[in-house]
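As a starting point, one isolated chain is supplied in structure tokens, in the form predicted on its own.
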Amino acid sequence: MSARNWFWYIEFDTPTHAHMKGLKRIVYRHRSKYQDIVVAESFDFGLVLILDGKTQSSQKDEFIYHEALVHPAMILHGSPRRVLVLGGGEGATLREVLKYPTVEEAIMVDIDEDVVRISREYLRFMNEGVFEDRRVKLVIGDALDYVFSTKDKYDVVIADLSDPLEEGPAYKLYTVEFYRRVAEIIGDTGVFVTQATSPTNTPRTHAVIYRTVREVFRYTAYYHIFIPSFEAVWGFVIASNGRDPRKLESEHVDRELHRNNIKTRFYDGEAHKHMFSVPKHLREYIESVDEVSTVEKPIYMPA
């Protein structure tokens, strides 16, 4: 294979750790007001969405990330009617949310209209036309402003955000002040879930996100799954003031998926049990971190 026909893309996970992907071509590149947006065709993962040098989703395995993010929270709630998605410009998070027949309204708030536009054009296989669904309300705006200004209540809030980069648009959405407001809009019976970076590549960031969420909610748990296109174990944090995610059992997961006729490729009761079975060394480290992220002193990815 001639080197002139393809190239290596190096993605830095931290300043001292990186991984590489072989790319066939850049399909689309654009600098928005907020970030660098790239859609590329890779050899191993198909089309890949890359924001500010970080892989967000790939054609081959995006279903792993999005099913892991969405379904534990939706099933933990039991009958979500109103769902708020923060970020999630590809539309794949909405795709999973809308599988639930109880959902009457799904609001998605994304700051970058260009990501949504590009995803509708180039990544339709991810969103499957969800932006045309009558239950969807798309808001182009700052998720922080939306959450603090809304007078509405939600059953489930899903934070499908970019990582807390110091120069990025999302770091304030990983602070205790933000999580307190989320707790107000979901009440005692609502469920919150957020992507929480990698517990293996950026363990301190992951642990601080968990500790910060735990500062606000009565019940909080972390869970992890390997995402091949990220070349990392990826972390999530789920929380509620009325429902304990640690008591969600695999049999109940399978029963609810079947009852709601929800088709998944990755997630089921066995996968759920695996995600919440975190190795001892990671548990010990995560539980040892006592730092809380605040607006005055936010947690950032290593730089």
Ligand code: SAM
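Here the structure is a predicted model, which means the values were calculated and not measured. Numbers for residues come from their place in the sequence shown, where the first is 1.
Form predicted in complex with the ligand: not shown, discussed below.
- Judged against the ligand in the model of the complex with a 4.5 angstroms heavy atom cut-off, the residues D155, E184 and I186 are out of contact without exception.
- Proximity of P169 to the ligand in the model of the complex falls within the 4.5 Å heavy atom cutoff.
- Taking the partner from elsewhere, E90 is found to have a heavy atom lying within 4.5 Å of the ligand in the model of the complex.
- A residue is said to contact a partner when one of its heavy atoms sits within 4.5 Å of a partner heavy atom; F230 meets this definition for the ligand in the model of the complex.
- Although the partner is absent here, Q35 is a contact residue: one of its heavy atoms lies within 4.5 angstroms of the ligand in the model of the complex.
- Only one of L51, I238, A68, A40 lies close to the ligand in the model of the complex, with a heavy atom inside 4.5 Å, and it is L51.
- Of the residues given (V147, L165, L173, V136), L173 alone sits with a heavy atom within 4.5 Å of the ligand in the model of the complex.
- Only one listed stretch (72-80, 106-114, 203-211, 216-224) carries heavy atoms within 4.5 Å of the ligand in the model of the complex, and that stretch is 106-114.
- Shown here without the ligand, the chain has G141, D142, A143 in 131-151 lying with a heavy atom within 4.5 Å of that partner in the model of the complex.
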